[in-house]
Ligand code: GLA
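Here you get one chain, nothing else, as structure tokens; it is the form predicted alone.
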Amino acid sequence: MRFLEDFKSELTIESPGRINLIGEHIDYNMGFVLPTAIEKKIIFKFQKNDSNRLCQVYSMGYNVGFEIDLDHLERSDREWENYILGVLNEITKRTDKLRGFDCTIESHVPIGSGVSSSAALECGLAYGLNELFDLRLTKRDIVDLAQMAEHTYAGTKCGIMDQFSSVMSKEGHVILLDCETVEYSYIPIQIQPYKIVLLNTNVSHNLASGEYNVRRAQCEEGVSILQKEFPEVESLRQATLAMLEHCKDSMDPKVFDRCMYVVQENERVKNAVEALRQNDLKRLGALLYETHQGLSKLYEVSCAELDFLVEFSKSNPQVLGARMMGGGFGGCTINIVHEDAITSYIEKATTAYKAEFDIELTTFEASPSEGTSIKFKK
């Protein structure tokens, strides 16, 4: 693109991906989650240009860019562009201060691995434009508009967890986030001598986006059935196992299973927080295995590759726990592994996975990190 020849960055923003230790598919059911940002980040560089309404965005990874007219924002046929366009659309609803800018994007967040590269993209862009044009948006404003951008332009009815953790995370901590009230607290995560290791299946079964919305609709159907007997239930957050059993005969078996998983998982998040506070790492690992069982059998968002890696981990006493992470149907497993065993565990898992599926496994360690932040400002 033309601007690249004379590009002089005025502002550099780092926006991280995230992991969720436990509490998968819970945020849109108004429950508790336990995420944190990781050190894998998207790097944004910005400059103002001489235009009032023309914006130019270039992806270093895709080696492609596009121009945007702020007065004519429309959805694109290219998926990654919609995250950008959605953010700009939401910002223009909130302020008239946005002007023409140029931006380069360089991602180190693995796409499709369940570490929410989309939220990093949305939040980093919004955070940077807020700084560049002094839009006076709060961090919470950025979280909310990034979430709405994903709803309206990307078409995924996500909860608030991904964007919240991308912006609000604190190094060395996970966030206990109440997705109903959006109240949160920072929980220190001290798991030495163990570390968090992600094993990326490098598969995506093209079901994640559509099936994500199906699961959300099934949970909403379950709530509507529960409300007939228990009017106080506004989301599965208020539901109990006893309530579900009472209404079981009125529910489609699939809907019952989805609701059962959510109610059980919400309790597991609370138990995981207690395990961290008491440094009971074996209990924490056991909870991860329970979560995967629920995601695979009740919520049905796993796949053969993810199930294989979780089962494989159980044969290694140096692994305390593992589960699939993210929307499902591919992406990563999150594993709690003794630091002395990481190299050998990765080697064995890579060999076994290659033999089973003829796919190369990729891996990386994840450390709880700071949220979206300014790296450089002129």
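Position 1 is the first residue in the sequence shown; the rest follow in order. Just so it is clear, the structure is predicted and the values come from calculations on it, not from any experiment.
In what follows, reference is made to the form predicted in complex with ligand GLA, a form of this protein that is not presented.
Residue in contact with ligand GLA in the predicted complex (any heavy atom within 4.5 Å), chosen from M161, A272, V167, L226: M161. Interface residue among W80, Y289, Y212, F308 relative to ligand GLA in the predicted complex, by the heavy atom within 4.5 Å criterion: Y212. Heavy atoms within 4.5 Å of ligand GLA in the predicted complex are found in one stretch of 45 to 53, 335 to 343, 320 to 328, 59 to 67, which is 320 to 328. Annotation: in the predicted complex, residues F256, R258 and R268 none come within 4.5 Å of ligand GLA through any heavy atom.
In the predicted complex, ligand GLA lies within 4.5 Å of some heavy atom of Y28.
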